[in-house]
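Below, in structure tokens: the form predicted on its own, a single chain.
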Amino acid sequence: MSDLSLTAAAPVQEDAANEGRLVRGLLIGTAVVFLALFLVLPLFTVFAQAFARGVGAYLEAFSEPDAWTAIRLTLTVAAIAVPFNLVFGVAAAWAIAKFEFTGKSLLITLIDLPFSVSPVVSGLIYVLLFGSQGLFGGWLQANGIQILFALPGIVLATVFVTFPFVARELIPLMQEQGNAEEEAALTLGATGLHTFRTVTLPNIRWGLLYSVLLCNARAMGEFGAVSVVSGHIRGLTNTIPLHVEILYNEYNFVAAFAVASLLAGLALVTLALKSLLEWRYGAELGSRARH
């Protein structure tokens, strides 16, 4: 009877295996088609349009003073916002993962807030706070301080939309690592700062670099919040995404796609480094787990 049962079960197992292969093939095919349509094709279109009239027209798009102003402003904003988020993210993740305190859940909720609020809405909030008719607008004008339509407003909007990236990457990593190594270092007489520099920071270095890459890419590519607070002053407050929009609206398509190719190139570099760090980061986590 056992031989008959095995003989009867063999076709069923073969049908299940064939069905599994079919489902797997359909899922892989769907994923490939989706990536081709929504990732590869748009990237190809950006570079194809950028070089549609040759390398000379491509380089000419960067000869305009407005383009260089937009590039410098974007780099300046990222250079301010990313380090700020780096410090805040590490401090917040360290506090949440390593300590228990009143208001911990509220802090986690506030960190996640930019993910649930539209960037345009966050920009409007700054307008309501610092605009001429805003809550602090009168005081700022009386003291000659300009937040909106200037660098400070753009930096504030960028910081708001990007500050979850570092903290949200480090919190689960620190929680998974636990407190054993830090407690051992403190038991041996190390100070809190020395423990952080020699124990905590080396353990999170790959996750930290990974999160900084994502934060920088978002900071340089942010459009919605920056569009609201910048005022679209050409040659003064336009970042790269805003400059691309202006060029496109003027039907200067080659220049628009040429400048956009900078952000597309940044996306490709970020993707490559992200994949590299995931491989390196994952290998290190696996090694730590085995030991």
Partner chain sequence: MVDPPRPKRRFRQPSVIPGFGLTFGYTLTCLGLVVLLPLAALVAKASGLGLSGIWYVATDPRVASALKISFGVSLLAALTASVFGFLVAWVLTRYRFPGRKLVDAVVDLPFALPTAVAGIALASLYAPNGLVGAQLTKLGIQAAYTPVGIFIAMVFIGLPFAVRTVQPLIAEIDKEVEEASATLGATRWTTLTRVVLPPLIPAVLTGFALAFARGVGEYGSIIFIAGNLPYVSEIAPLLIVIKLSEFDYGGASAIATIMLGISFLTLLAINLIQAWSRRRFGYV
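Predicted, not measured: the structure shown is a model, and the values here were computed from it. Think of the rigid core as the biggest set of C-alphas that the two forms share within 1.5 Å after superposition. Positions refer to the first chain, counted from 1.
The following text describes the form predicted in complex with its partner chain, which does not appear among the structures shown.
Although the partner is absent from this view, Tyr58 stays clear of its partner chain in the predicted bound form, with no non-hydrogen atom inside 4.5 angstroms. In the predicted bound form, at least one heavy atom of Phe101 sits within 4.5 Å of a heavy atom of its partner chain. The shortest heavy atom separation between Glu245 and its partner chain in the predicted bound form is within 4.5 Å. Contact annotation for Val212: none of its heavy atoms lies within 4.5 Å of its partner chain in the predicted bound form. The partner is absent here, but in the predicted bound form a heavy atom of Leu128, alone among Leu128, Ile71, Ile80, Leu151, sits within 4.5 Å of its partner chain. Although its partner chain is not shown here, in the predicted bound form the stretch 80-97 places heavy atoms of Phe84, Val87, Phe88, Ala91, Ala92, Trp94, Ala95 within 4.5 Å of it, in sequence order.
Core-superposed comparison between this form and the one not shown: the Cα of Lys104 travels 2 Å or more.
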